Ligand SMILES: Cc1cc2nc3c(=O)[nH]c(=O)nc-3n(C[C@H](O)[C@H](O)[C@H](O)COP(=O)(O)O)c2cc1C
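Next up: just one chain, as C-alpha cells, the form predicted alone.
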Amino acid sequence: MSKNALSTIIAYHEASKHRLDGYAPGPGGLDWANQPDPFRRYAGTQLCKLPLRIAPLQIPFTEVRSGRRQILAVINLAGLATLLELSFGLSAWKEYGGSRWALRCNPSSGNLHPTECYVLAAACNGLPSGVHHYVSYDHSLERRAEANPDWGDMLTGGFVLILTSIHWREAWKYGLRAYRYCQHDCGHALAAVSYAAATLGWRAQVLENWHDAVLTALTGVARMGDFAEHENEAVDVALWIGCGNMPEFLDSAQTAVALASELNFIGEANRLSAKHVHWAGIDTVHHAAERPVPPSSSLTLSTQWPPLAAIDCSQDAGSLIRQRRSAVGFDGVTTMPAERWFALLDALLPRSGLPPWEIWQRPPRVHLILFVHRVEGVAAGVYLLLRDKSVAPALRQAIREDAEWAEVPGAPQHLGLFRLFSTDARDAARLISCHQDIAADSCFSLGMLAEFEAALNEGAWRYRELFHEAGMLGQVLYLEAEAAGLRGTGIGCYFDDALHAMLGLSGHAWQSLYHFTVGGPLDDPRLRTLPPYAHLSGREVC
C-alpha cells in the first residue's frame, strides 16, 4: 500500500470532520435550481419494462431476519424485478406545498440517492444478455451493452449487480463530506439487496476479487463522453445473486476481465444539473481509496454466535421493507422494552448465515457507543456494544479510566454489552449530533466506533469498507426499528471528535463514522403520501 494513499485518506478524514467550532467545508447554501435529478437515465438504450410485485411475498420478516428461507424463487425476470423493487425501487411519493418527491426502499443521506445499480445477466425471459442499468422511477432496465457469447456459460443460475456512486448528487448539498455519505449509502444498499434476496430464498455475496478496474470496464462509467462534466460515476462493489452458493470460478479477476471483453456501450446519460461545484478533495480521496484485489487471508469470521433472538412481528417482509422511513422527529415519550432492545442489538452481530451479514464475510470493525434514554429496565447512560469481544482489552486501555465497564442486567451474555457511564445522556447525545433533538428525544441513539487504524493498515480501500459496514448496520437498525413499531433515522451530521473526547479517545486508532437514532416518530400531517408506481399504468404485475 502506498504511504501517500494512506496519508491522503487520513487528511481527507480530518478535513471532512464537523467540529464544535466549525463545520466541514460545504456549499454554504443550497442552490435549488441546480439540485441534481435523482434519476439517472441513458438515452438511446433498449428498455425492458419490469413487472411490479403486487401480491404479498407471504414470508414474515421474522423468518427473513433469522435466515429461514420458506420459498425459493426461480431465477427469472420476475424474481429479478422483485429483488430490484425491494432494494432500489420506489416505496412511496410525498407531497407538500406543490412539491413532490420519491422515497425508496434503500435509504439515502438527504434522500439524494447517489447509488446506481447495474445488472449483468445472461438471456432471461425476455431480458437480453448484457449490462443493464436499473431505473427506479420507471422500474425498468436499460441495456447499456450487449454481452459476448460466453456470458451464457459464466452467468448461469444467477445475476451480478454492480453498485456505483454519483458523488455530485451528495456534494451538491454536503460538500466535502459527501464522499463519506456515498459510502454510507452503498452500505445501506448492500444490506437492502441482502434482505431482498432473502425474501426470495436467494443469497447475495460480494465478489471480493472483482476490483475497481474491472468494475469500471463492466459498467462503462469511465466513458467520459457519455456523462456531463462532474456527473460521472465511481464504482463501489459487485454482488452475485443466486439460489445457492456463488460458482467458485466466478469470483476471480480473470472471470471479470473475460466478461468485460468485447463490450460495446451505447447510450448517453441525462444531465443531472445545469451547473456544478467541483470538490477536488472528493476526487483525491476516491483515487486514494481505489480497490485492488484484496488479500483473502483477511476475510475470516472468528466468532460463532448463538441463534438470533426471536421477535414478535408477523408482518410480511415485503411490506415492512416498503414502509421503512427516516423519522424527522421523535416524541420524547415513547419507551422501548429492554427485551426488544436486546433483540435489536443481537441482530447487529455479524452472523454469517443471516442477512445482511452473509453478504459481508469480514471480521467486524465497527462497534457501537449507545446513548440510552428510554429503554425500560435499563438505566440511562452511555453503553458500549462490542461486535467482536477480542477488541475489549484495547478499548479498555483507550477509553477513560473512570468508565464503569459494568455488565447490563438481563442482557444475553454473548452481546458484549457494557455500561460505561450512568448518566442522563440526552444533552451529550444532542450536542454530539450537531445539536439535533432527534438524538435526545428517541429511545436511544448511537455512534458507530470503527477500528480505524487497524483497518487502514490493511489497505487504503478499507476506508470505503468501514463506511459500508456502518451503512449496513444502519439498514439493520432501520428494519429492526420498524419491526418493533418504532422508527429510525441515520445521523450524518455529528461532531466526530466531540464523541472521541467524551470517551477519552485520541489519535486515529478509533474513529466515529456514522450516528443513528431510534424512537417513537412524530408524523407531519401536512405531508401527503402517494403510492410508488401509480404513474406506471398498465404495467405487468407478478
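As the structure is a computational prediction, the values presented were derived from the model and not from experiment. For every residue, the number given is its place in the sequence shown, counted from 1.
The same protein also exists as the form predicted together with this ligand; that form is not shown, yet it is the one meant from here on.
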Classify R291 as contacting or not contacting this ligand in the predicted bound form by the rule of any non-hydrogen atom within 4.5 angstroms, answering yes or no.
no
At 4.5 Å between heavy atoms, is V382 in contact with this ligand in the predicted bound form?
no
Please check if G490 has a heavy atom lying within 4.5 Å of any heavy atom of this ligand in the predicted bound form.
yes
May I ask you to state whether G459 is within 4.5 Å of this ligand in the predicted bound form, using heavy atom distances?
no
This ligand: the contacting residue among L354, A450, L86, I438 in the predicted bound form [heavy atom, 4.5 Å]
I438
The one option of R387, R104, R419, H139 with any heavy atom within 4.5 Å of this ligand in the predicted bound form is R104
Segment that reaches this ligand in the predicted bound form - one of 335-343, 194-202, 109-117, 404-412, heavy atoms within 4.5 Å
109-117
Need the contact residues for 321-349: heavy atom within 4.5 Å of this ligand in the predicted bound form, sequence order, or none if there are none.
R324, R325, S326
